[in-house]
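Same protein, same chain, two forms; see structure 1 and structure 2 below, as structure tokens.
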Structure 1
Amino acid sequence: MNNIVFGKYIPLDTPIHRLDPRAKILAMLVMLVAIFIPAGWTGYVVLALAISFVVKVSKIKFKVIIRAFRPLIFMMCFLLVVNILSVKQGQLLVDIGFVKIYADAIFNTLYIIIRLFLMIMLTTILTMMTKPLDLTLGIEYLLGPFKRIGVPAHEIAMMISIALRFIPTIIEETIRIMNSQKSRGVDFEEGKLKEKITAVVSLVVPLFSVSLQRADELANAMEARGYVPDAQRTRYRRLHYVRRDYILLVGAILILLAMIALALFL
């Protein structure tokens, strides 16, 4: 449970931390688009270098980011199998009777894996390097223009920030309940199917009851402080773009243009 990396903010003071959250979100979106442009291997090398540079600046150990991939290994293997069975193009690599592996199957899978890798890397950097509160503030600002067409920007931001706020709490709660049940002899790792079901029930029931109780308390606390979702409000913190934010955005856009150029001319 302690190995859950995704979404966990790491309090450090690096240039990446100090960037404007809006700039970070926009740059991430631009980079995500760039990842999906079929620019061949050269393109991926450029992207990987750019993202690795950001990781380097952010002072996070690669090991920690690699950990975020672990849950996806199964999916990637599954993908490989499906591709091997379905793709029948390119050079024939292996031919053992009914199994024929073509070069394109391997390449396609590799492409997807690299894309996923880069995507997860980007999003992990964003959530690790940005305070959840800043992140929602950024989202709220960015959604601002859409208010006119009826997008409840503030409500969305509030919901996201509450959800983010409670992820660590719920993880903590889960660990505590798991530990309590382990002390009562529940084995979460091994056991027959029936025992496993009991183990899960002994975790899920208390977790739901605690979470609902917490939600209720939070709603009461918000109401007690006079929270009205659509009230006009001012901010203590305002966001301002500074030079480093422009550098980041220009950099991201340049990479996107480079990808487009590579895709068109190579």
Structure 2
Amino acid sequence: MNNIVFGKYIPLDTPIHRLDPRAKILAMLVMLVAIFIPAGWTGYVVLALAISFVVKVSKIKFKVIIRAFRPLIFMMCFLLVVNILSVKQGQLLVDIGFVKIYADAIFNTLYIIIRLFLMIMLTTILTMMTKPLDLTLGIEYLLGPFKRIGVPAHEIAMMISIALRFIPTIIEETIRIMNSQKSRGVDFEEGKLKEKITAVVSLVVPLFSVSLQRADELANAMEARGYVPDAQRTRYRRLHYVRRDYILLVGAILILLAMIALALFL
């Protein structure tokens, strides 16, 4: 549980942190599209180098980013087993009795793992290098043109911001409840299946109750301050693109074009 870093903002003074939130969101979306282009191993190397450069400039340690991937290790192992059992194409690598492992099963699993890893890195970088309020403001600005067709831009941005903001809070509450239940003799790691289910219920019920309580407190606090979702607002802070924002967007677009070229000509 302590390995989850998604949603945690790390306050640093770096060029990446000072970028316009709209530029960071747009660049992330462009890079996410680039990840799903089948450009082969060369394309993944290009993407990995570009993302690693951003992490290096942001002065955030790579091990902090890697921690976001640890909770998915079990899912990756399960995916590998499923592909080994279902994919029967490519060169036969292992033939032991009824166990037959083909090359395509391994490569397909690696492709999915690398794509997922790069996606997690991008989204984690965005949340770690952008303040929740700046992220809300950026999303609202980007959704602004859709207000003409009835899209509630402010409400959507507010919900996303609150969800991201409360991820670390919910994690802390989960750890606190787990420690409290362990002190009462609840074992979350060992025991029979029935005992494990009972342990999980003893965790989920109070966590659900605490989440509802915090949501109610937040709603009361917003109402006490006169918050009205659809009210007309003015902004103290105005977002303005500067040269470094354009450089980021151009760089992301160039990487996308490079991925398309690799997919077409290699």
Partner chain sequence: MAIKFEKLSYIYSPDMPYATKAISDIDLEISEGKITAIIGKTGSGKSTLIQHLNALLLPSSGTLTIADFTITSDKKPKGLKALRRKVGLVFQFSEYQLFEETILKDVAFGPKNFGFSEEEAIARAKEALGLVGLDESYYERSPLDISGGQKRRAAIAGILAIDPDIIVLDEPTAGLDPRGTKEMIALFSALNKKLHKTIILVTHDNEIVYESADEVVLLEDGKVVCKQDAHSFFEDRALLKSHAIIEPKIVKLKDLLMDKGLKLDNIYSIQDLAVALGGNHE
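All residue numbers here follow the sequence of structure 1, with the first residue given the number 1. In this text, the rigid core denotes the largest set of C-alpha atoms whose superposition between the two forms falls within 1.5 Å. Keep in mind it's a predicted model, so treat the numbers as computed, not measured.
Structure number of the form predicted in complex with its partner chain
Structure 1.
G144: after superposing the rigid core, is there a C-alpha shift of 2 Å or more between structure 1 and structure 2?
The answer is no; the displacement is under 2 Å.
Look at L164 and decide if its Cα position differs by 2 Å or more between structure 1 and structure 2 after superposing on the rigid core.
The answer is yes; the displacement is at least 2 Å.
If you line up the core, does E173 shift 2 angstroms or more at its C-alpha between structure 1 and structure 2?
E173 C-alpha, core-superposed: shift of 2 Å or more.
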